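Here's a solo chain for you in structure tokens, the form predicted on its own.
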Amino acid sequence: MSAPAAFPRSVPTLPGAPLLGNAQEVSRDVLAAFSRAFAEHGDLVRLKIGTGTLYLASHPDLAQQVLVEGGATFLKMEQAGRPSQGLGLLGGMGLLTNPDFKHWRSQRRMMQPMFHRARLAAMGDQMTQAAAQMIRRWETLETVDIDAEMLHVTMDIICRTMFSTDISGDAGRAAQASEVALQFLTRLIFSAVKLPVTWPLPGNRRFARAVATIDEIIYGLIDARAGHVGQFGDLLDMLLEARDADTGEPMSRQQVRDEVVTVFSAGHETTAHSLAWTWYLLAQHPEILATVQAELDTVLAGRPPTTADLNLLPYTTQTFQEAMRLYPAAPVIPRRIEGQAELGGYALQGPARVITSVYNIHRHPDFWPDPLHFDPLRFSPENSVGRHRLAYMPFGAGSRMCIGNHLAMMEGVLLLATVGQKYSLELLGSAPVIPKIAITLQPVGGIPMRLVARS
């Protein structure tokens, strides 16, 4: 990017309709609207959503300013003391949504030990056991929706590793409720008109039922632990045993619920969709799948993968990384400004939202030659030298980077290896699968695939 001008410039504006601005286009397809804005107007674009303003940032330098350096200017969407109009409606004041940096930092420090590499290594067996259970169920099937299957197995894994429990009987209900809730929140976040969620409208009622289902499952996990706290050494034990450093008081039931919902939702949705998109891409590139399977056959020789094998599977890892480049699970990262701000030499005027588009950054031609091409070797050590550190940011950036990034990578590669050993997956039908933003990047209609057992 060019050096900032002495006097900040005006941000290019995406043309829109009178009064509504770009609201209809964004409401119809957020991802397509943001992709068009980037393609036609560059790295920083102003959109009008009714009477509101949204700035779309699609360059790693801008991401650095917003997410790493600008914490005092570019604020979390949630505001203390004000009703939530975003993810806080589901996650409350959990780690993902808490705007109070001091409180958030305390939360993060408390939960961090659960995500240390040594602790994660001990979870590998549970991951491969869950994957093996899925594979056994596939023996009676010919076709699957790979997105639904990945949601099911990653939910199983998060419950085994973080909550030491099995909710397989509730997996379908939980997945459906999560999908309804996230789609509702996406519409709300990008809507030009924000009606109170307490009004008895059909969409509000569906959202309320979805949250009630999630709460029933989560509070069930919490209540089932009564009388057994400290016996499992998992995340739920850590939350229930935590005490305020100043008062010595334990977390309230609501606080525990908010943290569990955050880990439960973010901990399986993101990895699941990333794996589904990986299989979608591999089905279209059989030569890459063959290279992955050759590596698996050589390293594993038919045995289940373990965490000790991860460093021996570089091409499999690079394949998962490349899939997350093209289809990042968190395609946008929202922030807000309240007054004037400067970004990349441009003048921004608040109140407004500032959206960092991970999706656009991952496809930026200045950093990714032939950006739409699927090529795992982009992530080989020799091809990664000199790349902008935020040209690739599937887990966000800055102090609020996803706490579960190492967990997601380990889980993704182990599941990819376990399935790739046993099966090749073929797409059913020739129509392309359309991605949509529903907080995470999801495939419209799932991804139906044929299971082809390897001989």
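The numbering used is simple: start at 1 and walk along the sequence shown. From a predicted model like this one, the values you see are computed outputs, not experimental measurements.
Note that the form predicted together with ligand HEM isn't included here; everything after this is about it.
For the options F115, Y346, F379, F367, the residue carrying a heavy atom within 4.5 angstroms of ligand HEM in the predicted bound form is F115. In terms of contact with ligand HEM in the predicted bound form, the residue from R353, K76, H152, R325 that brings a heavy atom within 4.5 Å is K76. Taking the partner from the other structure, ligand HEM in the predicted bound form has no heavy atom within 4.5 Å of any heavy atom of G88. When ligand HEM is considered in the predicted bound form, G404 lines it closely, a heavy atom lying within 4.5 Å. Among heavy atoms of H41, none comes within 4.5 Å of ligand HEM in the predicted bound form.
Although the partner is absent here, L95 lies within 4.5 Å of ligand HEM in the predicted bound form, judged by heavy atoms. Checking 129-137, 237-245, 173-181, 101-109 against ligand HEM in the predicted bound form, the stretch whose residues place heavy atoms within 4.5 Å of it is 101-109. Contacts with ligand HEM in the predicted bound form, taken as any heavy atom within 4.5 Å, map within 243-281 to T262, V263, A266, G267, T270, T271, S274.
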